[in-house]
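Have a look below at one chain only, the form predicted on its own, in structure tokens format.
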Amino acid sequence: MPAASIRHQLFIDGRFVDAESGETLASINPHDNTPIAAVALAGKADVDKAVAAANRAFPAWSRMAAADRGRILLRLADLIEADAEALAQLESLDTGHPIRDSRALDVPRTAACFRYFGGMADKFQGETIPVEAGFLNYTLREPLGVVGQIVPWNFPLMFTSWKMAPALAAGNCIVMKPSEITPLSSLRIAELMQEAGLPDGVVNMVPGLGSEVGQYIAEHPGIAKVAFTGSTATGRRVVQASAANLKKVQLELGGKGPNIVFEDAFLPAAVNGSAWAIFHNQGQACIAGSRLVLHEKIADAFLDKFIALAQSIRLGNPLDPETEMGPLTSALHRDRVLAYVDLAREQGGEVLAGGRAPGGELARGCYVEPTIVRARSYRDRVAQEEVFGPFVTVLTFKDDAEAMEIANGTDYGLGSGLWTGNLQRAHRMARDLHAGMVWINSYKRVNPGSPFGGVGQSGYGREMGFDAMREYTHVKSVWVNVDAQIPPHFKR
């Protein structure tokens, strides 16, 4: 995609504009570390303009018939599908996602999310509550106002829809900070929103540094809620910054997903599913199955197949349809992932596969080979800390109790998976796993109707489904005296 055709300005009040400071930041192609475009770098003054525009737009947008808001989102879904190839190319160019994944997963999921919430806009309702005789009591679900949304760099297109669609369906206006590392597909969505008929000011996009713009969105008095996806450490800072005006906070943070394979699992499916769990998108997923927890009876047989599969994965240019795994999204992150290989060795771990940056034609990019490390203990740092790359830690267990001890032995609680032919065990483990999501004989399945989120240090609140609409509304209770006779409380 020619750089000249890529939108690289801020989007405020229905127009693409330069940053107040005139500053820009290069968006880098992680395949070869060449610049794609110079993207406007927002500052606090730009956020103020965006918040003001959103607050001006809110009264009319929130009072628009819910079905009309829904129709705009449905038109947007159609436009995304019509623009699918260009969006897929842009996402792969900017993030390193293999084009086959951008085409088959990222773009379809984005359209599906807008379509789901477009259909939900006029189906989200309050309740009538039985109270004492003579009174009618009902509830209204009302939008919060202007919400700040901070989108991460790993799935920018998809997460833009996850954040934006329920907030708009519920009647809120938005100030969104796409990641300064991967802002391009989010800015393309802003273009398509204009075409879909979204009123000016309802959505504003201000790509900027998290330390400045993200912080300012979190603390801004004109913003009623902030929704953040990213690291747990940054999530804590968002909470602290939000305290000044007691805004609502929704956090989708880190994970260290246990992926448990029992002795009665169907190994071919477990091997393939476990590779998908960790190596899809180069392991750059909060829900990745980054701890492979194997029953000791099948560990060797499983690892023989799993290592062979990992070593067969085709690394390459993400725009090549034959590529199965692309680069990490930045050189800084590549170096961070490789540092965990050194740490594993320092802690007595064994590198079973990978652990290197490939040479040859890929040496200029941000590539890391699929890496498998056997740890000595589930308490080792590589089994506790989120690496966020194609890096899986192998642990073994003797029985169900030990498997559960290992699985719940971190501060995180986002995604988790298990592979077994025993139905009772499957339901028992699903009940007792400390996680917001459990996949049984599968991994990393998502759908707009299914709630997505975590517990513990993985955050709070939920994306997707009716739960997401609740996150973007508050409840108002209305009491009507129909024919109740209320005696005076005070006597004259």
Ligand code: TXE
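Everything numeric in this text was worked out from a predicted model, so none of it was measured. In case it trips you up, residue 1 is the first one in the sequence shown, and so on.
Below, we refer to the form predicted together with the ligand, which is not included among the displayed structures.
Undergrad: So, a 4.5 angstroms cut-off on heavy atom distances: do all three of 177, 214 and 229 pass it with respect to the ligand in the predicted complex?
TA: Looking in the predicted complex, the three residues 177, 214 and 229 all sit within 4.5 Å of the ligand (heavy atoms).
Undergrad: Whether residue 80 contacts the ligand in the predicted complex should be assessed with a 4.5 Å heavy atom distance threshold; does it?
TA: Residue 80 lies outside the contact set for the ligand.
Undergrad: Does residue 302 reach the ligand in the predicted complex if we count a contact as any heavy atom within 4.5 Å?
TA: Contact with the ligand, no.
Undergrad: Hey, in the predicted complex, is residue 234 touching the ligand, heavy atoms inside 4.5 Å?
TA: Heavy-atom contact with the ligand at 4.5 Å: present for residue 234.
Undergrad: Considering only heavy atoms, tell me if residue 238 and the ligand come within 4.5 Å of each other in the predicted complex.
TA: Residue-level check for residue 238: yes, a contact with the ligand.
Undergrad: So which stretch, 129 to 137, 183 to 191, 311 to 319, 150 to 158, is the one near the ligand in the predicted complex (non-hydrogen atoms, 4.5 Å)?
TA: That would be 150 to 158.
Undergrad: What is the one choice in 386, 369, 380, 101 with a heavy atom within 4.5 Å of the ligand in the predicted complex?
TA: Exactly one residue meets the criterion: 386.
Undergrad: Since exactly one of 349, 365, 143, 254 fits, which has a heavy atom within 4.5 Å of the ligand in the predicted complex?
TA: Only one listed residue qualifies here, and that residue is 254.
Undergrad: Who in 280 to 316 is close to the ligand in the predicted complex, meaning a heavy atom within 4.5 Å?
TA: Counting only heavy atoms within 4.5 Å of the ligand in the predicted complex, the single contacting residue of 280 to 316 is 286.
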